[in-house]
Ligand SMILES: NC(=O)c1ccc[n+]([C@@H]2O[C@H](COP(=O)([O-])OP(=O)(O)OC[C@H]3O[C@@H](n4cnc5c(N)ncnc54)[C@H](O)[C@@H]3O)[C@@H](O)[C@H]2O)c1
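One chain comes next, on its own, written as structure tokens: the form predicted alone.
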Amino acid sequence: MGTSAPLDETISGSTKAPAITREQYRDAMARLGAAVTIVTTDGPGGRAGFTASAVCSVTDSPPTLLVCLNKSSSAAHAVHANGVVCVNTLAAGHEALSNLFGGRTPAEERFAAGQWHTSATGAPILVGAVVAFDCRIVRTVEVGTHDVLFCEVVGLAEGGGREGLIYFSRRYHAVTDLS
């Protein structure tokens, strides 16, 4: 990953932090395992969706997630125009669907590869998702190449799956609930 000062020296301020290249940053982020989701939307701006691993909880009062959306994504216009999303947490076995929503496949083909229901907000819910968070976008912050969407959760759908899907070291991995 390149050279850097020991973490304790960098934090204490005794060493100036080295410049981090885009490649170094991306390589480091590949080591941060994350749940794989398909974020969907539907409404006046059209039906669209994208694969995302940059999703996390912000607070439980009110229940809010953040979702990072690349501004150049084919789904960006529809997401902003509709103001709603459903964050579908993928199960093991959804790798091919994740790849479809993460590539340049037309929206019609993406959605044809899965089974969907309509959430209360109108966003598509993936049948078989481990859990789906139906959301209204309440705030957007622009940061570099991405928009950070703050999404208030207005509904939940649990799929009952016992194996989740994470992305770590540029590969998919199944995570099993042993309880």
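Position 1 is the first residue in the sequence shown; the rest follow in order. Not measured: the values here are computed from a predicted model.
The protein also exists as the form predicted together with this ligand; that form is not presented, and the subsequent description refers to it.
Transferring this ligand from its position in the predicted bound form by superimposing the surrounding C-alpha atoms leaves no ligand atom within 2.4 angstroms of any backbone or C-beta atom of the displayed chain; the site is open. Across the proposed site, T89, R136 and L156 without exception lack any heavy atom within 4.5 Å of this ligand in the predicted bound form.
Put simply, R162 is far from this ligand in the predicted bound form: not one heavy atom of it is within 4.5 Å. Using a 4.5 Å cutoff between non-hydrogen atoms, H117 does not count as a contact of this ligand in the predicted bound form. Residue contact check for M29: one or more of its heavy atoms lie within 4.5 Å of this ligand in the predicted bound form. Shown alone here, K16 lies farther than 4.5 Å from this ligand in the predicted bound form, counting heavy atoms only. For the candidate set V131, A54, L65, V148, a heavy atom within 4.5 Å of this ligand in the predicted bound form is found for exactly one residue, namely A54. Contacts of stretch 88-124 with this ligand in the predicted bound form, defined by any heavy atom lying within 4.5 Å, are made by none of its residues.
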